[in-house]
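The form predicted on its own is given below as one chain in structure tokens.
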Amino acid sequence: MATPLTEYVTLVSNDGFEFKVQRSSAILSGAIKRMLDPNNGFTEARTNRCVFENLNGVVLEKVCEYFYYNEKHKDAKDVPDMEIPPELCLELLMAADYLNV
């Protein structure tokens, strides 16, 4: 029996922080989209919960913020820059590559 798709999914960092985000926003990430696709048979698709052992809470929070920022501005022109602390830039770049964002 297939688990119905939920409106929200939970993203969990390696330090235990949990973020409930809208599925429609989270699937901006190619990796998360594949994890949550029931046709792929991953546990994440059944539990609606993705655990990232290589992303800490601060980085994952900023990733979630970007998901919503992108959804809010996807059809806009002259989009303002998103505030990103300089000390997070390298980690966010690696997270974006890992998540295929």
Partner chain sequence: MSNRNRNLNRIRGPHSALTDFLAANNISAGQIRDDYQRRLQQAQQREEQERIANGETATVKEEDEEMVEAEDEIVAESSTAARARGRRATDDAAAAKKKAQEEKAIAKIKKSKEFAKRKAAKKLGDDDDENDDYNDEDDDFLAREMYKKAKAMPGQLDNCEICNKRFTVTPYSKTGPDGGLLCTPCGKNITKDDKSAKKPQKKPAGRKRRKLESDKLDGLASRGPKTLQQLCIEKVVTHHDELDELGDLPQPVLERLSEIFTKKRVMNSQTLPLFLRPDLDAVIIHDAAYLETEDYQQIFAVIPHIENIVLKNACQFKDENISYIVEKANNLKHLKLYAANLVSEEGWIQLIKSRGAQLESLKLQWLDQPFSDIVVFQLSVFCKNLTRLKFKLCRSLTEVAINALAEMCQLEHLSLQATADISSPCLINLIKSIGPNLRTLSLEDFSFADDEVLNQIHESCTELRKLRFTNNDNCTDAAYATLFTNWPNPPLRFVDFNSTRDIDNSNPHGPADAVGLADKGLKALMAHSGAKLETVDLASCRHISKNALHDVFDGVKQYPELREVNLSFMQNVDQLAIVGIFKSSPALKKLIAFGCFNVEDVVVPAGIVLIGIPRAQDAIEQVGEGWVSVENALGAMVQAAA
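Computed from a prediction, not measured in an experiment: that's the story for all the values here. Positions refer to the first chain, counted from 1.
The next section is about a form of this same protein that is not shown, the form predicted in complex with its partner chain.
At the 4.5 Å threshold, heavy atoms of residue 12 stay clear of its partner chain in the predicted bound form, well away from it.
Using a 4.5 angstroms threshold between heavy atoms, residue 92 counts as touching its partner chain in the predicted bound form. Interface residue remark: residue 66 is counted as part of the site for its partner chain in the predicted bound form, having a heavy atom within 4.5 Å. Its partner chain in the predicted bound form is approached by residue 75, whose closest heavy atom lies within 4.5 angstroms of it.
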